[in-house]
Ligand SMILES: Nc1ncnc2c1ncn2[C@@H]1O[C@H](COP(=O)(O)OP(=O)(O)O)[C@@H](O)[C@H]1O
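As structure tokens, one chain now follows by itself in the form predicted alone.
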Amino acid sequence: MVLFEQVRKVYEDGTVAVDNLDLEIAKGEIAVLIGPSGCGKTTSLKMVNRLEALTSGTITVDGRNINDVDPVKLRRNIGYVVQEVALMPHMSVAENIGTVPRLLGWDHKRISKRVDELLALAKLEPGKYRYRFPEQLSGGQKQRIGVLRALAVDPELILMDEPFGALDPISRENLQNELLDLQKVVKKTIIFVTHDMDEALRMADKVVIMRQGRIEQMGSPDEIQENPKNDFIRGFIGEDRLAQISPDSPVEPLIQEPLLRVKPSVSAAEVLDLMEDEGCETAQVIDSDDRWKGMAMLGLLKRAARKGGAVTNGVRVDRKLFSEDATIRDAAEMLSDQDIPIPVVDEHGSFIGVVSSAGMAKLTISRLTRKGKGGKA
């Protein structure tokens, strides 16, 4: 389906981002590209839809050289999902999903039918979600819509660049499961970039570990874990950042994206609906400048909603940590006192993320189980 042959990418300053890459990805396969920062994984992905130009070599998709296809036409026939989602804020869910079909000239009836099919496929009730706007969605819901938008014209190939990287561990695992379930139905060819080895081993049919623009090793998750090629691969698979963290280490490695973030202008009643959809009892209130305005609490929100108030009438501002000096011990003590997420802000009040007991537990468990599973890791 996708074939890289002697592909190189050299930038004007002489930096070699991708160096003689040979890679074949079969139809219906999920190939996950992973490696250290700067290894060339994202550049390799972007060359497939010509967001990055090849310096030399060839990439063919379904037997056709991508350089022989108009780049706009090429991109409209390849699904693309990124970490930032980039939904159009002024467009509804249905309008966002229907973006590419409209560009391809589909009629309104056909687009509407396709939108409803995709929402139902993702277990999002069409009547409830098609008219919502991005600001009315949680982070996980936005990411689902981003995936559906990529599937809108039923492309054979989908590129996914750190699609779940900004989500908290629970949302991330849920969306990983949903994508794997969806793949059983749609059977697309997917090139998936991640920096997380746990995610790579979970999602991939083929794991491609890159280093300095080249493939260091590739194979199935079992092959990679059972027969690591060298010390670099063994170290990369067995890397356990949490094992090196002491109670007095900075809290930064445990910071995750919150399950739900909302703007101060949203009503308390709307946030209650979002909380019900996500099954959570808190939401982080963040303005357009990324400044934290408080943590909305279920009990406080219910009282604010009865009075028709905004979400800011149901927030708590005293529970937070400052990223500059907070430690793992500080977070653990706060969580033992009250098991609700802890917002983390910088010295200027800008929102960084949250620390939760579930996040701590899941990160620890995932690394312990990965280490045991890998045997030689």
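Just so we're clear, the structure is a prediction, and the values are computed from it rather than from any experiment. The first residue of the sequence shown is number 1, and the count goes up from there.
We do not show the form predicted in complex with this ligand, though everything after this point is about it.
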Inset, instruction - Tell me the stretch among 333-341, 309-317, 22-30, 39-47 that has any heavy atom within 4.5 angstroms of this ligand in the predicted bound form. - result: 39-47
Inset, instruction - May I ask you to check whether Ala358 falls inside a 4.5 Å heavy atom distance of this ligand in the predicted bound form? - result: no
Legend entry - Within 4.5 Å of this ligand in the predicted bound form: residues from 2-24 (heavy atom criterion): Tyr11, Asp13, Thr15, Ala17
